[in-house]
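Just one chain follows, in the form predicted on its own, and it is written as structure tokens.
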């Protein structure tokens, strides 16, 4: 698992280059947003169950066929699995927020997901909606706590949505 600093240094090391102005600017931006990243991760940690529950409720209101007979979240077991997966995505998004690097999402979440979703017949679109709903909640929480620039919150959620959307089921 890497963070923004390790990944940046590794990139420059591989090319045998000194850190240039772009690298220094990138590092400064990462460190400037550090307190906000930790504050958001703390908020996620303390409110994860509520965020997942609220996103799940909104998701099932938007896509009610998921909880109808024959839907992918029909039955208590499948409904619980859906919420468990949302919690999983939220937890790893919080790690990526702190790390400032999306590579861990590939390593820990997205690799192998295509095969798993294909084998289980899990529809991707509702998963993407659920992730977006959680992102919206986290951004609201951050803004309510006084964090002005919440753009860093988009990164892990949008990355997962984009990667999941590329899965052809």
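These figures come from a predicted structure and were not determined experimentally. Numbering follows the first chain given and starts at 1.
Missing here is the form predicted in complex with phycocyanobilin (CYC); even so, the following discussion is about that form.
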Note: exactly one of 43, 133, 66, 102 sits with a heavy atom within 4.5 Å of phycocyanobilin (CYC) in the predicted bound form, namely 66
With the partner omitted here, the residue among 29, 53, 108, 139 that in the predicted bound form has a heavy atom within 4.5 Å of phycocyanobilin (CYC) is 108
When phycocyanobilin (CYC) is placed as it is in the predicted bound form, which of 29 to 37, 139 to 147, 44 to 52, 123 to 131 ends up with heavy atoms within 4.5 Å of it? 123 to 131
Applying a 4.5 Å heavy atom distance criterion, does residue 92 contact phycocyanobilin (CYC) in the predicted bound form? yes
Although phycocyanobilin (CYC) is absent from this view, report whether residue 73 comes within 4.5 Å of it in the predicted bound form, heavy atoms only. yes
Contact flag, residue 86 vs phycocyanobilin (CYC) in the predicted bound form, heavy atom cut 4.5 Å: yes
Against phycocyanobilin (CYC) in the predicted bound form, would residue 97 count as a contact residue? Criterion: heavy atoms within 4.5 Å. no
Sequence-ordered list of residues in 49 to 81 near phycocyanobilin (CYC) in the predicted bound form, where near means a heavy atom within 4.5 Å: 59, 66, 72, 73, 77, 78, 81
